[in-house]
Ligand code: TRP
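Only one chain comes next, encoded as structure tokens, the form predicted alone.
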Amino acid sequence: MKKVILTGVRPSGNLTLGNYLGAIKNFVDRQEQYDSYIFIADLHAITSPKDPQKLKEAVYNCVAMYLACGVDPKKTIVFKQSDVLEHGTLGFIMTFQTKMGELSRMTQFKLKSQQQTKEGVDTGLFVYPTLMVADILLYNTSIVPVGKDQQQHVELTRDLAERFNKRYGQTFTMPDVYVAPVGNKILNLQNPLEKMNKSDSGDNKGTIFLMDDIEVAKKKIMSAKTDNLAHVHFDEENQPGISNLMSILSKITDEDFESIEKRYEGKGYGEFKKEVAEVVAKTLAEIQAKFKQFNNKDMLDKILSNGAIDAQKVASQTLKRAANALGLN
């Protein structure tokens, strides 16, 4: 039997080059080696209020984009989280295995708590990690490909799975995190000390979106912040900007850092940036062409419906096993 690989994505905002290189590509490259699952995390999306119609559109766009990035529904079960009710049920069960201190230490909660309004922080934001735990455990997941900043969620999943298994007997598979050695965290082009993310402030010069105009994307690369060392060298501490561009190039082309450094020995940053810009432009053009091909609601509905049926078969067995262990059945 193949091991299981699983990933989830919130349908919020445009996907970025960082999302693609840091997570999606890692999954696509392994979907034939594993029993593969991708879910659209629409329940996670409502931890803050969303316009219902915009959320529906975001789900369709998200599925179409994942297909455009190489996810094959013949090899991967693609479904919507809310279509498999076992996610919510197991998520609620796992809250009883979790300490408040564990949830309060989660990075997203701490970050959002600092930004809270007068109304305070929603309870959903506090407990959403237990739903993430359920997302992973329901499918007997072995591998969760994530960016470096998402490791905390898999570590919590492992802690709670181990705690449950010790209390009630062997029930859940222990998942392992997969962090790619290259490109696991693509950084903001204008501030290479921060992650490239969907909510880039200002004019978005630091973030490349997968649906960016090709020429705009190339300009963003050409204006990326670097340094005055004039030496193409991978050194995240002293040359974060150049190292980020090298990660992007290496992740797309599979060329290692040593080879890139050797090719650009004695050359300036302009020529290097131009190559990165052209490689990124080609990647975006291919993804955008495929997105138009897959952006068909009838086809997407069928993929999601079939995926939910297949996913629910596995999820129901896992939930039943957990319920039996607890004495609920």
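All values reported here derive from a predicted model rather than from experimental measurement. Numbering starts at 1 and follows the sequence shown.
Unshown form predicted in complex with the ligand; subsequent notes refer to it.
For the residues 161, 136, 232, 187, the 4.5 Å heavy atom test against the ligand in the predicted bound form is passed only by 136. In summary, among the residues 41, 284, 65, 277, the only one with a non-hydrogen atom within 4.5 Å of the ligand in the predicted bound form is 41. Only one segment in the set 88 to 96, 214 to 222, 127 to 135, 253 to 261 has residues whose heavy atoms sit within 4.5 Å of the ligand in the predicted bound form; it is 127 to 135.
The ligand in the predicted bound form is approached by residue 6, whose closest heavy atom lies within 4.5 angstroms of it. Residue contact with the ligand in the predicted bound form: residue 10 places a heavy atom within 4.5 Å of it. In the predicted bound form, at least one heavy atom of residue 146 sits within 4.5 Å of the ligand. The ligand in the predicted bound form is approached by residue 150, whose closest heavy atom lies within 4.5 angstroms of it.
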